[in-house]
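Shown here is one chain on its own, the form predicted alone, set out as structure tokens.
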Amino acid sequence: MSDLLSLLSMGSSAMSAQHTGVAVATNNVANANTVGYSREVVDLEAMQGPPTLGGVRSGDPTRTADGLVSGRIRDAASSLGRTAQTRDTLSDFEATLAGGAQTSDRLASVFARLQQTAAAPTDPDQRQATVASLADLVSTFHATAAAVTDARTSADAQIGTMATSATALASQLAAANKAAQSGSPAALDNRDRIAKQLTTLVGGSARVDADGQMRFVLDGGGVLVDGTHAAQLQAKPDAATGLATLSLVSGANTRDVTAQLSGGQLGGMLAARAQIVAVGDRMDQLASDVATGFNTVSQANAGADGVTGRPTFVAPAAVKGAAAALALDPGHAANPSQLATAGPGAGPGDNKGALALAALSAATVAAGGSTFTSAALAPITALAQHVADAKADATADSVVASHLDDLRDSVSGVDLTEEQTNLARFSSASQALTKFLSTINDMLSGLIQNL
């Protein structure tokens, strides 16, 4: 009778193991389309017990995951986050600038009008048209400066939003670390998903140390998550530039990490903002150079009334902000006859002043020894190149990320055919064990009745 009870116990244990196999296979099938899910496996272990084999038992389900592949996936997510964010932000900015009049075209129009005025220096209509083209040039500088300001403001707002999201994800990762101490496959999958989201957002790297806890380190070495402790990423405006800066805050310690963040969407936004600021700086320099160049020539020549010393533009107070502050001299706007088209003392029919102003089109008086037109085209050309580079990089990073996802699927993904086979195998074993247990139970019942 004791042998029959042992067989009953063995059968019960085996039945439990097969049911675990069915449950694991069913769970795999149910999560076949769950993003970040790692296929689970059940380990069956043969037990020995004298005088016969002691049956089988199952351990806790384990996940099929490769730490190296997971790390590379996070790295790829960081790189793709950066390039895609840079591409999108700069593409939008480029489209905004392309949607308005171009400074180079306005400059060309001004110089064409000056040539026409030089051919007819006493024609008031030509003077009026030239002054109008100068006013259009000023408006274009203002529009470009406004576009730069809007893009900078938008970038700073998004940087602040991203910092808030990063702080929330860091807290979630710290909580996931605590949950993962149980060894639950679902908890470990959740931790990996959060870590990927965090690297996509801020770059950095995540590693699992010997104690089983994940540490998340930002580019530059700042620790955002250390086990169950999470620091904060805070955005605030810089007192000097007004641009949003990023600080890593952990307890009483605050560390500026703006210059160190290079990966993820946040790094991409910082890189894009730097290009936007560069366009604004170059346009400010050009506006200052245009005002200075025109004023130098204008003040050396005379208007139709013979008066010299008048500027074409209000002299900018500083290079910074010159594009937004550029203004046509009020006298020119009110009275086009003040346009300095004549040489000093030469009379209203002279065109030396107009020719000298028109000659500025070929003069290398802009910053860097370039012409005004070249200086106007340079930031737009550079922006277009950055957009093209970001598009190419994002495409390449997308291919790498897709390849790594496929690699992960080959390791951790669910094969429905395989799981259906497992279900059939465990189900068949369960049916056989049901018959086995039923037989043992009948034998025990008969033995008891015959006692």
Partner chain sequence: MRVTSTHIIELASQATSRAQSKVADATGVASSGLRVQVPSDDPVAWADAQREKTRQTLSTGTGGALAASRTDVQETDSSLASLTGIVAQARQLAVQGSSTTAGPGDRSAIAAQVTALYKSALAAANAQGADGHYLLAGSQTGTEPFDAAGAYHGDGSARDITTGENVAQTVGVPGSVLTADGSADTVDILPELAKLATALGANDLVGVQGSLGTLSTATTQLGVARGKTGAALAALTDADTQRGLLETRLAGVISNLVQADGVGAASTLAQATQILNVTQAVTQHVISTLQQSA
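Positions refer to the first chain, counted from 1. Values in this document were obtained by computation on a predicted structure and should not be read as measured data.
One more form of this protein should be noted, the form predicted in complex with the partner chain, which is absent from this view; the next part is about it.
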- request: Decide whether residue 92 counts as a contact residue for the partner chain in the predicted complex under a heavy atom distance cut-off of 4.5 Å.
  value: no
Any non-hydrogen atom of residue 105 within 4.5 angstroms of the partner chain in the predicted complex: yes
query: Taking heavy atoms and a 4.5 Å cut-off, does residue 68 contact the partner chain in the predicted complex?
result: no
task: Would you check, heavy atoms only and a 4.5 Å threshold, whether residue 48 touches the partner chain in the predicted complex?
output: no
Residues 112, 348 and 385 all lining the partner chain in the predicted complex, heavy atom within 4.5 Å: yes
Selected contact from 44, 400, 423, 407, since only one has a non-hydrogen atom within 4.5 angstroms of the partner chain in the predicted complex: 407
- request: Only one of 259, 98, 239, 318 comes within 4.5 Å of the partner chain in the predicted complex by heavy atoms, so just point that one out.
  value: 98
query: Which one of these stretches, 268-276, 231-239, 181-189, 340-348, sits within 4.5 Å of the partner chain in the predicted complex when only heavy atoms are counted?
result: 340-348
task: Counting only non-hydrogen atoms and a 4.5 Å cut-off, give the residues of 110-129 close to the partner chain in the predicted complex.
output: 111, 112, 115, 116, 118, 119, 120, 121, 122, 123, 124
